[in-house]
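The data below hold one chain only, encoded as structure tokens and taken in the form predicted on its own.
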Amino acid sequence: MSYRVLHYINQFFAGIGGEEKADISPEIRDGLVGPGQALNPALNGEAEIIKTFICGDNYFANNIDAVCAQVVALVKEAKIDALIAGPAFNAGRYGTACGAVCAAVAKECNIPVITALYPENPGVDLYRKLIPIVESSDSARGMGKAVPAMASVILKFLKKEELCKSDHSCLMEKGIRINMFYDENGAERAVAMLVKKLKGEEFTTEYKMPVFDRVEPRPAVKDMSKATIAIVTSGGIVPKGNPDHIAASSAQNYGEYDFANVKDLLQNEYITAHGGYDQTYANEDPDRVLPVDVLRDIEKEGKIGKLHNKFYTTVGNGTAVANALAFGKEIGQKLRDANVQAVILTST
């Protein structure tokens, strides 16, 4: 028996285009498209991709429920046995879409699903407790490793076979706690692990410790009345029309805008590109997110030396940590080059 598989991919992996085509509406094609060419042979003839569902990343981000409903309807109509989404690697909007469609199909259709994401993809934290996710590299260079892993896991699910050790090792932990019973109490087990660690022996921790990013605070500005202050926001405030096409979620870029002669962010001149929250109040008065009006008053009063003539903006909603770090480094260097002494960072 050959199982019937639906494959979900975005506009880039379908060969339609990049960011300029991210708004395309859903399209359904028969057979294999893009990475399906590698995925189908990995299914070893036991399953076959019969349909490919293609959707632009921006379109999905703005129509999540509607697109998920379309995928669910197609699964039912085409009598699909399993859904494979991606792999999406570290593409934030794409990873979120893969997680969302998998979660919707698993819930509504009760069939096996799988996707592959980089650990820092925002789709991981959003959906890891709901669906199985294969750990992938951060880019399509890891396609050769992600595809066989996805194929192996989905075939095991379809055949109702137990996952082997290699399958478990490639899947991300779901972070779900369950009760366990041991003969030794916690203190005894902890000491035993510590002794093994001190001896250099192998041991397995019962709870993986989180790794926190520590940022050392900078010294206070000595004289604010002579300082150049910049404003940066993850609240998505942009000139009307969003000229740099910053996405509503899972941002891939940031904007840099000159506002040297702007004293107030007017409603008909600035908007927010940020999704995931009610934009009404931000669009009514963009200064609520990016307080240019107040800072101009403070500048006029001499409480700060001057307001830097450019502001930087992106969207924090679902944006990958790796992208946020890259944005921060680039923006930080530009501000240092401009001899800025302090930055006010706002959010939503």
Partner chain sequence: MSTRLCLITNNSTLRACTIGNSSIDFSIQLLEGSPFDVLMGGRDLIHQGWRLLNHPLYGNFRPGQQAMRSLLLSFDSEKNNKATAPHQTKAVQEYYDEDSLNYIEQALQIYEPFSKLLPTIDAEKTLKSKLLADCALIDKELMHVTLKTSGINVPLNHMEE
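Numbering follows the first chain given and starts at 1. Everything numeric in this text was worked out from a predicted model, so none of it was measured.
Although it is not shown, the form predicted in complex with its partner chain is what the next lines describe.
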(message) Is it the case that residue 144, even though its partner is missing from this view, gets within 4.5 Å of its partner chain in the model of the complex, heavy atoms only?
(response) no
Exercise. Is residue 278 a contact residue for its partner chain in the model of the complex, using a 4.5 Å heavy atom cut-off?
Worked result: yes
Q) Would residue 318 count as touching its partner chain in the model of the complex under a 4.5 Å heavy atom rule? A) yes
Does its partner chain come within 4.5 Å of any heavy atom of residue 249 in the model of the complex? yes
In contact with its partner chain in the model of the complex (heavy atoms, 4.5 Å), from 144-152, 249-257, 88-96, 107-115, is stretch 249-257
Cα of residue 251 vs residue 129, shift of 3 Å or more in the model of the complex, relative to this form: the pair sits closer
Assert for residue 11-residue 319 (C-alpha, 3 Å or more) in the model of the complex vs reference form: pair farther
